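One chain is shown next in structure tokens, namely the form predicted on its own.
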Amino acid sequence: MTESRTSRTAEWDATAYFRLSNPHVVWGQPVLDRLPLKGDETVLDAGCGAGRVTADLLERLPNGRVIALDISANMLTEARQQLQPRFGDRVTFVQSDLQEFSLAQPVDAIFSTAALHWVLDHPRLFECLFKALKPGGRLVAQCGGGPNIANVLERAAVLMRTNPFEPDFRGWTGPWEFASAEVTEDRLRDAGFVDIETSLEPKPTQMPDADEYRSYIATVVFGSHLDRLPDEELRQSFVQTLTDQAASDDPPFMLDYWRLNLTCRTPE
């Protein structure tokens, strides 16, 4: 897992992510609704995380199976603990980078939520996803895009330029690719996809209090940032400063999420 290939260079706290990922589960349901399924397909969950939305996908495939792929060993361990007792061998777990994975057989469809923005090279990503699909196979996904969480990112950028944080962030461009709908459409077409639909939609999300906001941004948003800081005191200071700033907002503890939706297929 190298920084040039993927944005996450250290492991996730998957247990905390499972608890904190309620917004992602809610966002995932309309994405699932966009994926037409007969119930016997093989579907790749690209960036399955801790497996909460993967469970909903498996419920829609009573005679099918899911390949749950993620780069994080911790996420896959959590997903396996949650999914295997319920779904047995209908779910297979694969640890791999989304930019360079390969499957033994192409799949009928690819589903993904809250994952693709963690991949920095989207043209390479889409080429890899294209190769994993059967002719006529569908890609239905949602990730962060456009002005996603711009407010807290602007505050973090200011903080990263100040001491004592500046030396550890110097020259770093960040862990995400928040692309526009238009750029994403062009990239999908260049990869060979057809019947492409892309769009951005706002999903503002408010945390209930300071403790939840602090835990959420530390685990879900700024994990890659905190990985760069050399000690726990600096990490706590970084997160607490952003939490204190969010407390003064109206309304407080709001994250201005934007979701990039994409739907397409491979040619027959």
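The numbering used is simple: start at 1 and walk along the sequence shown. Remember, predicted model here, so these are calculated numbers, not experimental data.
One more form of this protein exists, namely the form predicted together with a small molecule; it is left out here, but the text below deals with it.
- Between the small molecule and the residues 108, 185, 177, 97, the one pair within 4.5 Å by heavy atoms in the predicted complex involves 97.
- Put simply, of 69, 31, 57, 218 only one has a heavy atom within 4.5 Å of the small molecule in the predicted complex, and it is 69.
- Although the partner is absent from the chain shown here, none of 37, 64 and 134 has a heavy atom within 4.5 Å of the small molecule in the predicted complex.
- Although the partner is absent from this view, residue 93 stays clear of the small molecule in the predicted complex, with no non-hydrogen atom inside 4.5 angstroms.
- Proximity of residue 156 to the small molecule in the predicted complex: non-hydrogen atoms within 4.5 Å are absent; the residue sits far from the partner.
- Though the partner is left out of this view, residue 115 does reach within 4.5 Å of the small molecule in the predicted complex, counting heavy atoms only.
- Heavy atoms of residue 75 reach within 4.5 Å of the small molecule in the predicted complex, making it an interface residue.
- The stretch among 239-247, 43-51, 226-234, 198-206 whose residues place heavy atoms within 4.5 Å of the small molecule in the predicted complex is 43-51.
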